[in-house]
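Below, in structure tokens: the form predicted alone, a single chain.
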Amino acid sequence: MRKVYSRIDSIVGNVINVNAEGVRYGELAVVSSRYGDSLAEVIRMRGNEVSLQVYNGGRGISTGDEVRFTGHPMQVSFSDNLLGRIFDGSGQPRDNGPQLTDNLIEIGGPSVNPAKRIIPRNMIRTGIPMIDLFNTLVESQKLPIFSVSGEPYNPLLARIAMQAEVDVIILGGIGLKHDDYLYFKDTLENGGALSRTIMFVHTASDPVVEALLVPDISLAVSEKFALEGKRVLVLLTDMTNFADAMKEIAITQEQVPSNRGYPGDLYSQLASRYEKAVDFEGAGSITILGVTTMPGDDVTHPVPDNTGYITEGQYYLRNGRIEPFGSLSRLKQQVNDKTRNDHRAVMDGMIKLYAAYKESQEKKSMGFRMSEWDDKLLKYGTLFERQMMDLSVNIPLEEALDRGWQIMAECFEPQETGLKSELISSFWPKEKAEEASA
């Protein structure tokens, strides 16, 4: 039997302090007030002085309320019945469906031993050329999407959720506006992807402490599906809101602040979530894409700065497009040679030409005289941005490669591309080759 404590020493915001014995860090407790029961988690221990954060907030709790420790950390139900469902940050149904209480699993466990992981080797197709062709998403990869407020990062995640060739999508929303929550729900439902999706959504109007639970619940469920052989893609938006929730709780606890007021363990807290990405030998995998908004478009802000040390590259979303410069998938070389033999060459060649286009564009803006080569580059850059970079473009990788050859053929002679002659003889558009020979 767990003891029931009928005295709360102090209440500061969402954090309550109790004098208790025999409890452990991360343990769950039930706080009973006149407004009902609220869940709380042990977040600090100093001898017998125990601090707990109340998930529903501290409003309505008094010092005379009862606190009952459960003897276990936060748990969530796991089964195939989760598919197609929407829950809040603490795992309670948000879709008016039945509450699930069977097969409870603990959240926030350790990541998989690196020695037990296998080398990532499979591509995840998304239908987005700037990902599939130029910065391929690899199974078990962890990548952030660096962006600023106002960019269409949530529509981008929704597209990836609908089109990614995986078995299960787990969407973790942190501090979402209600409109964004409804957008995800309606888009996935209308696109037929909700049946393979599980949503854990914390909105901006929900208690801030629930924001901290969303990544842990999402990743705990994804790990169980992966062990059953499923390819799982976890989409988290927005990890800056997660870090801000950590900062708010740290201020409440009167912790000594670090850079820009964030707690000193920000790196460890982010890493413990991102490092859940894994490919299991003989089973499934977990791949993580997490939006990280950059206040003031400042990549040196503590959240994107720490994230960059943890993850395996990043996507930069600027002006409604995934930028080819700065965006990087460090694992793309693991799969580029397994797709089509011209993949690596087209990727490198088109980006090199696009970089030359940027230089010509700058020359034009400064009033320099433009050469015939500059005119070709300007035509190429316009076609590249419209037919490749635009996020409305939705084509398979093979079609994107063919389109890349077509764009180059529209603007250049074969020898001007810098690509190998054997690839040009195999892939250069036939009608362009016939025009050249005529």
Partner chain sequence: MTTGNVVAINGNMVSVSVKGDVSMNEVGYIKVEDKRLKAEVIRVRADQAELQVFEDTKGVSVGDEVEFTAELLAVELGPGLLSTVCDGLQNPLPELAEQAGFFLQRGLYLKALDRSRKWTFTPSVAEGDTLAAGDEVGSVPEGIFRHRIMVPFGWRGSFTVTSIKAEGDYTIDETVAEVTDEDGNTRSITMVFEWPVKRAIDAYAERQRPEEPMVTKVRIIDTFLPVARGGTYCIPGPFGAGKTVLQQITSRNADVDIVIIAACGERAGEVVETLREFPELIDPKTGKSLMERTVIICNTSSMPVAAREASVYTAVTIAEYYRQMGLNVLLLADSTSRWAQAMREMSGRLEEIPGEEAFPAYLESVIAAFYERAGVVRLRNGETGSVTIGGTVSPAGGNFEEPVTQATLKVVGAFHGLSRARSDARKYPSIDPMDSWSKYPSLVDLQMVEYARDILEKGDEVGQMMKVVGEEGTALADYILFQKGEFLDAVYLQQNAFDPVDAAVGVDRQRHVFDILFRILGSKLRIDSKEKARTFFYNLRQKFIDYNGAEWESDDFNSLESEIVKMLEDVSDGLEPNAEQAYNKRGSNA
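This structure is a prediction, so every number in the text was calculated from the model and none was measured. Residue numbers count along the first chain shown, from 1.
The protein also exists as the form predicted together with the partner chain; that form is not presented, and the subsequent description refers to it.
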Can you tell me if residue 248 lies within 4.5 angstroms of the partner chain in the predicted complex, counting non-hydrogen atoms only? no
If you check in the predicted complex, is residue 223 within 4.5 Å of the partner chain, heavy atoms only? yes
Should residue 24 be counted as a contact of the partner chain in the predicted complex, where contact means heavy atoms within 4.5 Å? yes
Close approach of residue 430 to the partner chain in the predicted complex, 4.5 Å, heavy atom: no
For this chain shown on its own, do 104, 127 and 401 all sit within 4.5 Å of the partner chain in the predicted complex, going by heavy atoms? no
Heavy atom within 4.5 Å of the partner chain in the predicted complex: which of 314, 90, 136, 240? 314
Among 305, 167, 244, 95, just one has a heavy atom within 4.5 Å of the partner chain in the predicted complex, namely 305
Here the chain appears without its partner; judged in the predicted complex, the stretch of 182-190, 168-176, 106-114, 147-155 with heavy atoms within 4.5 Å of the partner chain is 106-114
Within 309-340, which residues come within 4.5 Å of the partner chain in the predicted complex, counting heavy atoms only? 309, 310, 311, 312, 314, 324, 325, 326, 327, 328, 330, 333, 334
